[in-house]
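We begin with a single chain expressed as structure tokens, specifically the form predicted alone.
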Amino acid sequence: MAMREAEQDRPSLGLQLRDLVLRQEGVLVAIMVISVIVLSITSNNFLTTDNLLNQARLLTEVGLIALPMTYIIITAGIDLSVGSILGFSAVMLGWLWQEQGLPLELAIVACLGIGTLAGLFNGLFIVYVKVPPIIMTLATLALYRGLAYGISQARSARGYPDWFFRFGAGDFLGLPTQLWFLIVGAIISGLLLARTPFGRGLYAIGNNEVGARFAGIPVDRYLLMIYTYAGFMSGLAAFVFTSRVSTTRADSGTGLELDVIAAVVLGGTSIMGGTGTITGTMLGLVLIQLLKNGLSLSGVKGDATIVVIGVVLIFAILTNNFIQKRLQRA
């Protein structure tokens, strides 16, 4: 009897399919298909294997940081310092190896550790000193960038061994090596968010932090974890970036935080917290990169590309809001 009632309450296949199509992810897939068709018509070089694999290589650093940024924005937080953490970690990698004589393998580990500590520093002040995330990470945006310039003294590190470039310029199983980092990271982050008490806790914090505390969710621990995670992924992105461009400079990652936030928001994560998915973030990331590349190949100037991406971002958000309001009224 109970099973029969449960089956009656379950939405029909048609309703499930309609909900899937009308979600933000469905809107993004539709926009992506239209964009690919239009851009492949305007440029013969756009829809080629080499070009698409190269674009996958270029979007990895933004994608790695977008994973923890999705967590942070779901909790109604923000991290503006991720680009500076990338630059600081990259400079430390080159400085420790070239100036201090540390083996390159240990310098890579140090790069990851420094990024993690930088994220932990953000988290400690946000959780225990109660500094608003936007203020704290705005301050460390300047702090970490200043440290990068001060330590590097405007010098860049070069001359890395050949094996180092396999991570940023090599291939593995037919795909860019660094893309595997993003694929594994996206799967783990997506499962943690969708299938575990930790993920449900992040949604609860974003909807009502006080209520989440009364419900027994370890809010402080979760917030500390996700800001530390953002620091670690920024350090990993610094390693991948350095391997790809073969040099470390203090201005590495400048403005990267805007690309990261744009991908997350375009993917349907609400800046007010409480909603968002890793799948949506990955779709937003790919759509932005496809537009950048396709418009460039079609001869569109840089400023016009930014305008087009902004228009797509606004259109996707307005479309999703319109659909959600219609569904709520139905």
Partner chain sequence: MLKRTLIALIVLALVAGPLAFAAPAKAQDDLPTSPLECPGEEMAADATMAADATAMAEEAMTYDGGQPVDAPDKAGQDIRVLDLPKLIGIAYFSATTKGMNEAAEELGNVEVVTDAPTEANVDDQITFIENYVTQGIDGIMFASNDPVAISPALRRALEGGVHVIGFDANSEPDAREWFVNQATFNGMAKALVDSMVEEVGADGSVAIITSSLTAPNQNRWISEMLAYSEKCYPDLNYLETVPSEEDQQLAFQRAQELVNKYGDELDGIFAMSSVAAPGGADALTQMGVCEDTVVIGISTPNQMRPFVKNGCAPKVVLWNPVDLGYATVYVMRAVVDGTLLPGATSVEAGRLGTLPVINGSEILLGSPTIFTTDNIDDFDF
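A quick note: this is a predicted structure, and the numbers were derived from the prediction, not measured. Residue numbers count along the first chain shown, from 1.
There is another form of the same protein, the form predicted together with the partner chain; it is not shown, and what comes next is about it.
Stretch 146 to 154 is the answer when you ask which of 73 to 81, 146 to 154, 207 to 215, 181 to 189 has residues with heavy atoms within 4.5 Å of the partner chain in the model of the complex. Each of 51, 129 and 299 places at least one heavy atom within 4.5 Å of the partner chain in the model of the complex. Site annotation in the model of the complex: the residue of 226, 114, 250, 236 reaching within 4.5 Å of the partner chain with a heavy atom is 250. Only one of 109, 175, 245, 139 lies close to the partner chain in the model of the complex, with a heavy atom inside 4.5 Å, and it is 245. A residue is said to contact a partner when one of its heavy atoms sits within 4.5 Å of a partner heavy atom; residue 45 meets this definition for the partner chain in the model of the complex. Proximity of residue 158 to the partner chain in the model of the complex falls within the 4.5 Å heavy atom cutoff. Under a 4.5 angstroms non-hydrogen atom cutoff, the partner chain in the model of the complex lacks residue 97 among its neighbouring residues. Using a 4.5 angstroms limit between non-hydrogen atoms, residue 222 is distant from the partner chain in the model of the complex. In sequence order, 55, 58 are the residues of 55 to 78 having a heavy atom within 4.5 Å of the partner chain in the model of the complex; the partner itself is omitted from this view.
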